Ligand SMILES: CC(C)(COP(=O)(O)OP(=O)(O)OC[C@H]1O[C@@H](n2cnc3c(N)ncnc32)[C@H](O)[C@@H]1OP(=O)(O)O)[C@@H](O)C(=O)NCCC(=O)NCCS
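Next up is one chain by itself, shown in C-alpha cells, the form predicted alone.
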C-alpha cells in the first residue's frame, strides 16, 4: 500500500480519455454521490428487477468503510468535462485470501464499449499488484455486460450462485404452519430464541462458532473460508449499522449443551422497508439432519410478520451446489431470479507495462 495515495502523483492515470483518481467519500461527497448515481444506473440495467436497490446510506458505508472491514480503495474516472464516467471499489483481504483482491467496477450503459472499462480495470490491476495480489475477482450476473466483459479480458468464471426471491403474500404465509410442524418433528431437544440488532454479549463466541460452520459451504476453487471470532462478529455488526441496515436474528439452541447451533439472519434497509435481505443461514455440522435450517427460517418469517410488517418480499442467494439450502428455499416458495458468478482474473501479465 502507498503511504498517502491521495497525494501521490502516481495515483492518477489518463487513459482512454478518462482521468482516474482516488477519492475519500468522507470528504469528497460530490464524487461519492456521482458514483452512487452511476452505480444505480448500472444496477437497473444489469440485475433482475426483484433485487433491492442500494440506498445512499448503504452505498456510502460500502465505499467509505468497505463491505467487510478489509482495506479498500475507492477510485473514480472522469472525462474531459469533469463528469464521473466510471468507478471502482478495490478490496484487499487482510485475514484470508491474501493473494487475492476483489473489485466492484462500474461503467454506465451509455459509456460502455469505448475503452473506459478496460482503462479502469488496468488501473485496478496495477493497484492490486502494488499490494502483492496475484488474482482479482469480481461478480457478474450471467448474460450481463459485466459477464461478457470479464470473459473478453480473460477472466475465468466460477461456480453459479443462484439468486431467489419470495413474494411474501398470503399463499407464502399459509405454507408456514405445516413447514414448522414438519421441522419441529425432527428438532426435538432444540429451542429457539431471537434478537434484534447486535448479538447479546454473552452469545458472541457461540454466534462466531455458528458462522464458522460456513467453512464447508461450496465455494470457488482456491478461495479460503473466513475465520470467525467475536471481534469479527462485532465488526460485521458495526458495518451493518453503518450501512443503514437493521438485523433480525433467529437461532436454535441445543437444550442439552446450552449451545447455539443454528442461525439465520435477515437485514432490512430503512430506505427499502419492503424487502428482507437474507444473510447467513448456518447449522453446526454435529447438529445437521434435524431440519434446523428449515426451522429457523420458518421462525424468521413468522417473526417478521409482526416485527417488520412492511416486508413484502425476500431475496436470497446460494451456491448452485448447496442442495440442502436450495431445497429449503424451494419449500418456502422462493423462485429463481438470476445467476451470478465470481470471475477470477490472473494478474500475471494483465495490464502490465
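Residue numbers count along the first chain shown, from 1. Small disclaimer: the values here were computed from a predicted structure and weren't measured.
Missing here is the form predicted together with the named molecule; even so, the following discussion is about that form.
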TL;DR on 75-83, 90-98, 275-283, 109-117: the one with heavy atoms within 4.5 Å of the named molecule in the model of the complex is 109-117
Checked 145, 236, 157, 172 for heavy atoms within 4.5 Å of the named molecule in the model of the complex; positive is 145
Note: exactly one of 229, 139, 184, 242 sits with a heavy atom within 4.5 Å of the named molecule in the model of the complex, namely 139
**Report entry** Full three-residue contact with the named molecule in the model of the complex, heavy atom 4.5 Å, for 46, 105 and 152
**Finding:** yes
ask   = At the 4.5 Å heavy atom threshold, is residue 300 in contact with the named molecule in the model of the complex?
value = no
Contact between residue 295 and the named molecule in the model of the complex at 4.5 Å, heavy atoms? no
Original post:
Does any heavy atom of residue 325 come within 4.5 Å of a heavy atom of the named molecule in the model of the complex?
Top reply: no
| Do residue 61 and the named molecule share at least one heavy atom pair within 4.5 Å in the model of the complex? | no
